[in-house]
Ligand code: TYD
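Next up: a single chain in structure tokens, the form predicted on its own.
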């Protein structure tokens, strides 16, 4: 007599299993999501059905260092953010707002990647004709790019086993689904299950995986945080108010998270910005308006000159407020408090507005001295002299502390025509033109002219 299959009830949202039907899932809390299904026997399923490779061990000294080599994407800014190129056997998660250019960037990257292997582009959101139209617009022929328009995991794995690609792009991870992970596509369980399966494949076959992800209205990648822990690199694609795009990593096991890639979007796709400082400086004739300072900041290993704009207006309510989206509001408040303490400059009765020209987000501490000078200029109405670049960290005691790579900042500012550099004492041979030790000395150096007093 044929043995009857055991039945279980599985949640279609999170995959939780129960021996009997329940109205509400105890794991995810959703109602009426349990469906009757056959119990999985041991060793079944897509992951368990794979051929198991015996686990071995080797002395570290006997392992070939080339096994962890990188593949150049052919785009310098992309390689910079990745830490030098696409690392083999790695998984990279890239997120950004809809229409920002994630698919365009990856299509350009895989088309120009310096490898003789095949590339598998999985598009579950667009048809083959739509992807071809984008490739034609970008001037990509794509002889070695294989296109697969499906989100079903089992079909994708069969194609991967047949093509043996060296680079795989899954666009997007929210559209992947498997019969083993429930009936509803796009659930948390589906994303984790499908991502783990693809990551396991590239780890075994010496390939690299790109997972495209959508972001929520808060700007973070939608889905579980576990998805970011599963991959090796997490990259965010950001946009300013214009056509400029910023690529930055928040997690990178094979490189720094301080590097930033800068692109512009045009009719021919994304183009690398050769001189980023020109995007963040406003060319003016004559004196600067009050509240404007030029900061020499460091983005990773690259010095940039950015324009800091400050505005102070009398408080309209009971408490003063800080409006700053490109610089941390807490940093602006701390610098303002330092000015009020050590220079007796009253700012507590003012609303503070701070902006960075070009829309770039600055997190480096070297911007603090320039921010302090911009706030002082805005409050007093005294303009900062033109062609002066400023860098330095401002402590709560009013001291100006040294910053990294001061020589590179000075060289970059000189190349862009800035005659004077204001900054802290440095052990480098290239010292600032005006060396200051505290905020009082910095203000005196900038506003010592009797006409400005």
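Residue numbers count along the first chain shown, from 1. Every value quoted in this text rests on a predicted model; they were computed, and no experiment measured them.
If you look for the form predicted in complex with the ligand, you will not find it shown, but the lines that follow are about it.
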Every residue of 99, 134 and 268 near the ligand in the predicted bound form, heavy atom within 4.5 Å: yes
Residue contact check: residue 361 to the ligand in the predicted bound form, 4.5 Å heavy atom: no
Any non-hydrogen atom of residue 355 within 4.5 angstroms of the ligand in the predicted bound form: no
Partner contact for residue 103 in the predicted bound form: the ligand, 4.5 angstroms, heavy atom: yes
Distance check, residue 214 to the ligand in the predicted bound form, heavy atom within 4.5 Å: yes
Position in contact with the ligand when the complex is considered in the predicted bound form, options 159, 281, 188, 138, heavy atoms within 4.5 Å: 138
Which of 179 to 187, 80 to 88, 268 to 276, 198 to 206 lines the interface with the ligand in the predicted bound form (heavy atom within 4.5 Å): 268 to 276
